[in-house]
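The chain below stands alone and is given as structure tokens, in the form predicted on its own.
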């Protein structure tokens, strides 16, 4: 081999090595328990977990929260999650009867189960169909949550206040328990009762809402006004009002509480992998004296006090973007929904100027109802207002399909709670 041939061979070897180096580096696996924070982020982004690079599982806003607002993520090994067989069976039986009405952006022929179990990324209405799956494909059944705690957090001071609420939602259609999938004439979709029980200055404040199966019909809503000890009817736009003193809107419940047809535009951005809390641990312990004992998954020690002891795992998600109506506080909302079932792990909210405003997470978990129904729902979540530098951490005692009827969720019950 002469000198020119040797130099050419060396250059090819160098180029080959450079080409292979990133692939080799990406193959380096980090272990469960690894913590991604501002100090470790740059080093870990090129490494992988369960075969995927850390960088590929962090959204732009997750990385922003890690770098600028102290978010940290502790990894755990992923595990499969299966919806209740009854939901899958009724979905299969009804699939042929369901269609999407593009003119009204609504669902036709649905009675129970997921209306659209097989959504294609190429479908121009994919985003709307996925949100309809979340609204109609009941993952939790009736929800008599008697302990829903809101922890008001200041980025600089820590825990500022605790509020205790009850939320009771009775599903009138799409029921998977009992002899029929609906009650009454089927015109009501759900009844929701939400009211405060603690502290005394807000005790009794709350709302009662009837949502209808016809998405063209707005909610009927009432609020209990503590100062006059009376209920007052609310406008049809109450679905976009704030909840108490939290940073959350009624529309933010579970990530997206309204029918997608109430938004100006809903589109599927695509499918990707993210890190998310899909196996949340018990978040609320009754009868304890301190916040640390009562809310064991909340990190009260590490500023800015928006972190959790729950662990995050790789999940494949749909990325769905919505543009609300002009009167809505948000200019845009982006949610990340599991591709295996319609549950949201994260949401980003932007103001009317397009500036990043809020970052929400939901710690999903599987909960067995007393009737054996396997529900998937959140036990805890962080709702962060990055502009105001404050957050609301919600912690709930999720119970599903317990003894409950439509008569337990009425305007009279709201009035009784205020007395």
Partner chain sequence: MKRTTSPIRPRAHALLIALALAATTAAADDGPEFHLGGYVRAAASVNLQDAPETRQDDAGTLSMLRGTLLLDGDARMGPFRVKGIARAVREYQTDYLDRLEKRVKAGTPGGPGSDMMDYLYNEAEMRELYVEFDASDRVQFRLGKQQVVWGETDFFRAMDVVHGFDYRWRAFLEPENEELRKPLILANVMIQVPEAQGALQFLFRPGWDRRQDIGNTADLAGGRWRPQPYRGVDTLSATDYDPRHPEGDVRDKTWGARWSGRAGPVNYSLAYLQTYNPDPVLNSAFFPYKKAPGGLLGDWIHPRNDVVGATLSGYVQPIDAVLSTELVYTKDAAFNTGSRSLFPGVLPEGLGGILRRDTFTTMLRMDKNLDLRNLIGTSKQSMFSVQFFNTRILDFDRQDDIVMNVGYATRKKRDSALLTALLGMHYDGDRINPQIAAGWDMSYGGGFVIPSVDVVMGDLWRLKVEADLFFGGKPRRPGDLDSSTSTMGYFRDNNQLYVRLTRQF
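Positions refer to the first chain, counted from 1. Just so you know, these numbers come straight off a predicted model, no measurement behind them.
Unshown form predicted together with the partner chain; subsequent notes refer to it.
K.L.:
Tell me, please, which stretch of 250-258, 323-331, 342-350, 90-98 lies within 4.5 angstroms of the partner chain in the predicted complex when heavy atoms are compared?
P.N.:
Contact-bearing stretch, as computed: 323-331.
K.L.:
Since the partner isn't included here, can you check whether the partner chain sits close to all of 279, 292 and 314 in the predicted complex (heavy atom within 4.5 Å for each)?
P.N.:
No: no residue has a heavy atom within 4.5 Å of the partner.
K.L.:
Does any heavy atom of residue 220 come within 4.5 Å of a heavy atom of the partner chain in the predicted complex?
P.N.:
Yes.
K.L.:
Examine residue 84 and determine whether its closest non-hydrogen atom to the partner chain in the predicted complex is within 4.5 angstroms.
P.N.:
Taking the distances in the predicted complex, the answer for residue 84 is no, it never comes within 4.5 Å of the partner chain.
K.L.:
Mark residue 237 yes when one of its heavy atoms lies within 4.5 Å of a heavy atom of the partner chain in the predicted complex, and no otherwise.
P.N.:
It does: once the partner chain is placed as it appears in the predicted complex, residue 237 has a heavy atom within 4.5 Å of it.
K.L.:
Even though the partner isn't displayed, in the predicted complex is residue 199 close enough to the partner chain, meaning a heavy atom within 4.5 Å?
P.N.:
Yes, residue 199 lies within 4.5 Å of the partner chain in the predicted complex.
K.L.:
Counting non-hydrogen atoms within 4.5 angstroms of the partner chain in the predicted complex, say which of 183, 299, 241, 147 makes the cut.
P.N.:
For this set of options, the contacting one is 241.
K.L.:
Considering the partner chain in the predicted complex, which of 160, 156, 214, 121 comes within 4.5 Å of it through any heavy atom?
P.N.:
Contact with the partner chain in the predicted complex is made by 160 alone.
K.L.:
Only counting heavy atoms and a 4.5 Å limit, does any residue of 63-92 reach the partner chain in the predicted complex, and if so which ones?
P.N.:
Residues within 4.5 Å: none.
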